[in-house]
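Take a look at this one chain, the form predicted on its own, written out in structure tokens.
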Amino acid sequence: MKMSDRKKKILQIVVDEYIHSAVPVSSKVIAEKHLQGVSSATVRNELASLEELGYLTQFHTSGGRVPSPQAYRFYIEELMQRGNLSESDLDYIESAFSERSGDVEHLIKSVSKVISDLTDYTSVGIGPHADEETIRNLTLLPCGEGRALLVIVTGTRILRDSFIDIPESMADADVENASRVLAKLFEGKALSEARTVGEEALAEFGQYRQVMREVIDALKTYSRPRDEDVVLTGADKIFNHPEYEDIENVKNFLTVISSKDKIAELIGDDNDEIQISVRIGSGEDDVPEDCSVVTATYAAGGKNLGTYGVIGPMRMDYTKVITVLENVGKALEELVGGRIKDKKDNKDHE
């Protein structure tokens, strides 16, 4: 059924009013505050029709209406007005990033805090996909008793938390030799590419086949976000919103944010393109009931900068959240993209 312009207008009013007041919206409020030329009776009829269509719900027969998940989805896709940040918000984004402008890794980690501060919701973030990182150095360090420490240095970090099994008869000199062979094979490869190369070369590794298999298994673990790659900021901000006066809602929320694996599943994105994604609870994906998750994937100069998002009540200020995510993305593009260009220009002049 095609929705009339008046129904769209009334639905937009209900969603906007409920987002900002958390109070069910009555026909009287709509008629007196927003549609002075339309009678309360006409507004009541339109509200009843929207309720029949599944866009509104009513807790009490004599009370006002609140939006359904279907209404929020329609609002985001069809009715929401694009917003603008205040000068103070824009200044805060610029100053927050410029303070760490010399260190890209710290800059990315600050994104989650900026988003949480500006939206007043809990924010989450996952750094760039490990699969994209290039191996600069790979070393095996013998540790005795059939064990060796695998140390992988990429362009952004050192991965050194993998102990692998090696034959107990393998001397330290053999471990060092195997390390040189592995380094020659893997250096310059992306982690994802290294796993593919490893599988193909496994049959040709002779006496080092077991070591090679252990290294491949270790490389596979780096395709999954580690705890330190998952950022959570402003968890206590849920208590700023009346929905979380209900203990069950708090439990649903805490069940998700207490596990970094669940956070990674919730906001992780395999798409490297910059995009805004909105997911609304009540059965959608793994989003907790009565919650919404809005995420953005950022990139600059062809480099993935991670996926960040906001977890909050379904009655979320979507205009503010999406506007913040868009402006943070623009700031990162300008800052990181400019740095990548400067590095390229400096290299061209050498």
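We number the residues from 1 along the sequence you see. All of these numbers come straight from a predicted model, not from anything done at the bench.
What comes next is about the form predicted together with the DNA, which is not displayed.
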item	value
Contact segment among 42-50, 305-313, 320-328, 288-296, judged by heavy atoms lying within 4.5 Å of the DNA in the model of the complex	42-50
Heavy atom of residue 69 within 4.5 Å of the DNA in the model of the complex	no
Residue contact check: residue 58 to the DNA in the model of the complex, 4.5 Å heavy atom	yes
4.5 Å heavy atom contact, residue 64 to the DNA in the model of the complex	yes
Partner proximity in the model of the complex: residue 25 to the DNA, non-hydrogen atom cutoff 4.5 Å	yes
Residues in 162-190 with any heavy atom within 4.5 Å of the DNA in the model of the complex	none
